[in-house]
Every structure is written in C-alpha cells, then in structure tokens.
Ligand SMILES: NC(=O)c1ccc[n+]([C@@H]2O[C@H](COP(=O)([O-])OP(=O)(O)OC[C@H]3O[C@@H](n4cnc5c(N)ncnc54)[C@H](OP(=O)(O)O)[C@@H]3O)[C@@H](O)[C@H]2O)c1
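First comes one chain, alone, set out as structure tokens in the form predicted on its own.
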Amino acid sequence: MTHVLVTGCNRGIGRALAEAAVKRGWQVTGTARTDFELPGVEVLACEMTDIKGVAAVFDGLPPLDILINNAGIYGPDSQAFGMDYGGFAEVLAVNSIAPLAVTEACLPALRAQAGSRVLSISSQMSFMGYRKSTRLAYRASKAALNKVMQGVATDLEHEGIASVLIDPGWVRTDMGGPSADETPGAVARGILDIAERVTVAETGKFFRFTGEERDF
C-alpha cells in the first residue's frame, strides 16, 4: 500500500490531498499545527516554526513512498517597503525552511522505500519572469523553496529519491479566495497523479498540477 505524508492537512489543498489519497486506498499520514481529526488519516501535531522540534515529530515513521510538503502561510500584506519583518521571517520559516527540515526528518522513512519521492507545493507567484511587490514575503518564500528543493534533488538523486516542485495554480482556498480558477479537489487529484508517476529521471523539475513542466 502506498504511504503518503501530507503536511498541513487541516485545510485547503492539504486537506484535499489527504482526502483524495484516502479515496485511493493509500495509507495517509498528515500534520496540523493543532489537534485535528480527519477520517482515514493519522494526524501528527507539528509546529512548522519550531524547526528544532520537527525531527521528533517524524521519529519512527514507517517506510514512506511519498512526502508532500504542503504546509504554508500567506503572511502579512507585504509591499517592497513598509514590510512586517517579523511576519516575513515567519513566512520564510514555514514556507522555505520547514520543508527542508521535514524532508531531512523523513529521510529514514524515504530511504526505506525504493523509488520514494518528495513533492513540494510551490506557487506561480514564485516565477522570476515578472516583477511584482504584492505579497512580497510569500513570493520570496516560494522562490526560496524552489531553490532549496532543487538542492534536495541534487543531494538525493544518487539515492534514487526524486524531488520535484508543484505549481497548484490559483486555487479556491482561504488563501486563494472564492474567485480563484481551480478547486482544491481537482488540484489534489492532479498532484497525486504526478506523485504516482514521477521518477528520479525528472528530479529537480517544476510541474503544473496538470502535469506539464513549467519554467522557474
């Protein structure tokens, strides 16, 4: 049975991912900041800003086929100037640094399963091809995530563990708002389809949730 771990499974894309994985008959482990229950999911309490505490959360995790680094926050209404720097630091901690800490903590479980893979949920807002200052903290954190997980891909490639990034598009969640293009369910199904088929030959790439490779 496929074992998947989804961080941030209590809402939005993360919840949709966990629910969709349960429907596929997978063993599903999830994380949430506070006590949370979801049918068919073993939920672990994990505070992503507590980087030193992350390792203990995943100690003894059984063999893992798929890790999905999904947990993230939008942060302050940031501009290039007038930045809430404390808020910026928190966004970087959760969106950029914690996925590396979680991946490292899960390495024993990933190494125990041949062909395991790591998917990290990035954003189209990370794209370096245009200049925008709205939600600057979030944009910067996702651009940093892309570079961090490229490094993970490089370091784990020789072990046969793939690491790829996912652009979920504009999704109707608390973060994306009610006018967004995509539903969490459709996005979750697309991400799980990628998770099922991606191989180490594609490690380090950035995919839209629909499966097409995209530019960084």
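Start at 1 and count along the sequence shown; that's the residue number. The structure displayed is predicted, hence computed values, not measured ones.
There is another form of this protein, the form predicted together with this ligand, and it is not shown here; the text below is about that form.
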Legend entry - Which of 56 to 64, 22 to 30, 146 to 154, 161 to 169 lines the interface with this ligand in the predicted bound form (heavy atom within 4.5 Å): 161 to 169
Legend entry - 4.5 angstroms heavy atom contact with this ligand in the predicted bound form for Glu47: yes
Legend entry - Contact test in the predicted bound form: Lys142 vs this ligand, heavy atoms, 4.5 Å: yes
Inset, instruction - Tell me, yes or no, whether Arg208 is in contact with this ligand in the predicted bound form, where a contact means a heavy atom of each within 4.5 Å. - result: no
Inset, instruction - Consider Gly176 of the chain shown here, and say whether it contacts this ligand in the predicted bound form, taking contact as heavy atoms within 4.5 Å. - result: yes
Legend entry - Proximity to this ligand in the predicted bound form, single hit among Ile97, Ala109, Ile73, Leu136 (heavy atom within 4.5 Å): Ile73
Legend entry - Sequence-ordered residues of 113 to 146 touching this ligand in the predicted bound form, heavy atom within 4.5 Å: Ile121, Ser122, Ser123, Tyr138, Lys142
